[in-house]
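Heads up, the chain below is alone and in the form predicted alone; it's given as structure tokens.
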Amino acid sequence: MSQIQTGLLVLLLTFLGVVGYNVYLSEITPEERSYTEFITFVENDEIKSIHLKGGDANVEDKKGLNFHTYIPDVSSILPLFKEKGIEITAEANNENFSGFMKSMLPILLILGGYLIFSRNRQGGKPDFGKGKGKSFSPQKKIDVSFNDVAGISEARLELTEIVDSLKNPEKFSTLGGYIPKGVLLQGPPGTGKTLLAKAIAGEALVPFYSIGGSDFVEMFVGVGASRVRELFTEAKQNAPCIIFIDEIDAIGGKRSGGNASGSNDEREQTLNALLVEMDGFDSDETVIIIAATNRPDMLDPALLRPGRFDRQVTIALPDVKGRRKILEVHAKKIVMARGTDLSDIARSIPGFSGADIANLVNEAALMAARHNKTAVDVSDFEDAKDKISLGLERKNVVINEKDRRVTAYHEAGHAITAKLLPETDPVHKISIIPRGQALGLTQQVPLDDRHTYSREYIINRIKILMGGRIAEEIVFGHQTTGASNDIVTATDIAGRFVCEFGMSAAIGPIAYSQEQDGFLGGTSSSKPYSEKTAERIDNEIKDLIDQCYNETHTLLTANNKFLHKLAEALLVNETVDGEEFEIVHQCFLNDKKIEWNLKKKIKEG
């Protein structure tokens, strides 16, 4: 009989026991009668005997029937009982204890059933501190190898030694070295930390224990520490092996240094147990601890010292080559159209993690199936990328012609500013089809991944964001709320330009840090400064935005015809890609009309 069947049988028997006990109580408990009715029976000389227990009275009438009643003042009614010749017996009132036991019996039955089930499940030894059986069962066959991990070649190379040490420990011990006891994988979410840990176990062909940091956390103090000890005891018995703790910051956070409330006692005891166990390996016990987190700044320093987590491997977002390799891995699982260039797709998704790319490939396959295609092509990837980044197309939304024209000129303003300014990313696509909360979009794709940004690039980025509102002002002579998100982004960039990058001539290279979030977590502390300095910073941010605004206004006014041509193309076709945008530009330079083919695609005029 399986553990589940045994548990269900125990619960069923416990339930039947409780029901049977309640039926038994109802059978032996006499009928309840009111005190008024009882007095009537006494006065009519119908009572034979009374058994008193405090104010409770079990009564037998002359017909042999029994019932129960409560007498509020026994001493006052005793003369009436004596007058009627009623037989009276009495006993001491110990109902408190017996009533308590009666009420506790169902609870004791349920608790006993649970303990029996727990004993059966854990081999005859119930223990509230035991871990979850599934969590501590090693995966002995891992179907993941380094071939399934792409885009993080540096991290992969760093961890190859772990695999070698598990396969050939003598290779290192003969030279006097020792293999790392722990490896901390840190990086943004979705970069492949868990997959990399599985690949190490798959390559080394050793048991793999996988558990989340939160699985150790319980409301009872000491349970988490008990589970840590149980996990390491079992791991040592199966050495060599790998223990993988995902999201270790759930138990490995910095200790409070004395918390009066005791709210962190459980987590800190769990961490202490983990620290002790990581120091407690014998030389012949090859147990590698691999942990993953995207908040390494939260971890306790004692956890990060050499001897515990000897190596800390940062897994960053993949570059364009890494994104292509990840695309190749996931593209093998779907039917790809011939001639699909994954390099262009990889270049168009900067900032995507491995998990994002896997989702992109899946969404592209769903898009192709939705359109009844036999293979996935580039257009499906484009639609999937837009859906992930901006949301679904809202083709059924009703937009009046005036709003369509405003949106067309707004997006044309962004695109033309990006086209005519130096040090900007090429325009990839312009659209006035509503997606998510946006009525249109102008998408730029960098030629290469950028790791640093020049002063000119940042200023021109502000100008591109201002281009939409300025185009509306030039053509329609008024402003709309469509530029609100652009203004928020431009103000944020200008603030970082002045306070963080130190690129303002008036303020100089001084960092007045603003709050910034990153994969390291937390926020940077703001440098304290005076009211006068704050006023200078505010004025510098405003001057920078005003300067960008005025220069962009001059640029778009000088290229008014280009603005009208691109807006016309958007109103006709709704979407203009990078190649078509270049054709519109050439038509503007050569003063030609825009022409269309049968599929409403722009061609040379």
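The numbering used is simple: start at 1 and walk along the sequence shown. Source: prediction; values computed, not measured.
Below, we refer to the form predicted in complex with ligand ADP, which is not included among the displayed structures.
The contact with ligand ADP in the predicted complex, taken as any heavy atom within 4.5 Å, belongs to 194 out of 314, 424, 194, 348.
Checking 440, 354, 468, 224 for any heavy atom within 4.5 Å of ligand ADP in the predicted complex turns up a single hit: 354. Contact between residue 358 and ligand ADP in the predicted complex is found at the 4.5 Å heavy atom cutoff. For the chain shown alone, residue 183 is not a contact residue for ligand ADP in the predicted complex, no non-hydrogen atom being within 4.5 angstroms. At a distance threshold of 4.5 angstroms between non-hydrogen atoms, residue 148 is in contact with ligand ADP in the predicted complex. When contacts are judged by a 4.5 Å heavy atom cut-off, residue 326 counts as touching ligand ADP in the predicted complex.
The candidate stretches are 485-493, 149-157, 498-506, 205-213, and the one lying within 4.5 Å of ligand ADP in the predicted complex by heavy atoms is 149-157.
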